[in-house]
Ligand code: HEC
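Take a look at this single chain, the form predicted alone, given in structure tokens.
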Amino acid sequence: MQLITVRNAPAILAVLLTSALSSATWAAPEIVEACKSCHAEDGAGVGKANVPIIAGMPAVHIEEALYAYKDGARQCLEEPVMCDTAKLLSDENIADLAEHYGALPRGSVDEQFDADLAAIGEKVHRKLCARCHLPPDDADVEDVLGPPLHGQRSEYLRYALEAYLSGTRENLLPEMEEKIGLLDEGDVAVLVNYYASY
């Protein structure tokens, strides 16, 4: 048996997906199978810093993210396989994936957090983030612009916020760019602790 190296995995996955997508039998179970290597069966991710929990995320937000990757509005600097895969998805594939992962329960990440930092983070969240980022169980979560951050893995949140601040992750919305610009030194840590406390 020949092992596939990590370096070659994105190209090989793209070939496999291209082959599968050209078949009329490509359906939701096969799409999910291709996504499991990063997002896991339950949508909780496999522990990579740059892979979020997508279980229980409203389908509309999953669709928006997949279209952003597919259309090139969001770049894949560290995980090119995400963009390579999204480009191969049809509208029906995207809807199937969004429905599948959106219907999964979001389990507790049970992470350690500093209660004092979380209390400060709640104030920062209310001031800068609350309008667009509601908890996943909020009745209006599907109607706001941003996905739920509460209960997301700390490592991913830290990665994403620092990438926004450094400019290595593009802001898709002017309002997001404005809010990121208002973050003070230390705000990443307090926000991460607040979202982890959910």
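On a predicted model such as this, the values are computed, not experimentally measured, just so you know. Note that residue numbering follows the sequence shown and begins at 1.
The same protein also has a form predicted in complex with this ligand, omitted here; what follows describes it.
Residue 195 belongs to the set of residues with a heavy atom inside 4.5 Å of this ligand in the model of the complex. Taking non-hydrogen atoms only, residue 160 approaches this ligand to within 4.5 angstroms in the model of the complex.
Proximity of residue 56 to this ligand in the model of the complex falls outside the 4.5 Å heavy atom cutoff. When contacts are judged by a 4.5 Å heavy atom cut-off, residue 117 does not count as touching this ligand in the model of the complex. The three residues 44, 60 and 139 each lack any heavy atom within 4.5 Å of this ligand in the model of the complex. With the partner omitted from this view, the residue of 77, 109, 104, 95 that lies near this ligand in the model of the complex is 77 [heavy atom within 4.5 Å]. In the model of the complex, the residues of 175 to 192 lying within 4.5 Å of this ligand by at least one heavy atom are, in order, 175, 176, 179, 180, 183, 191.
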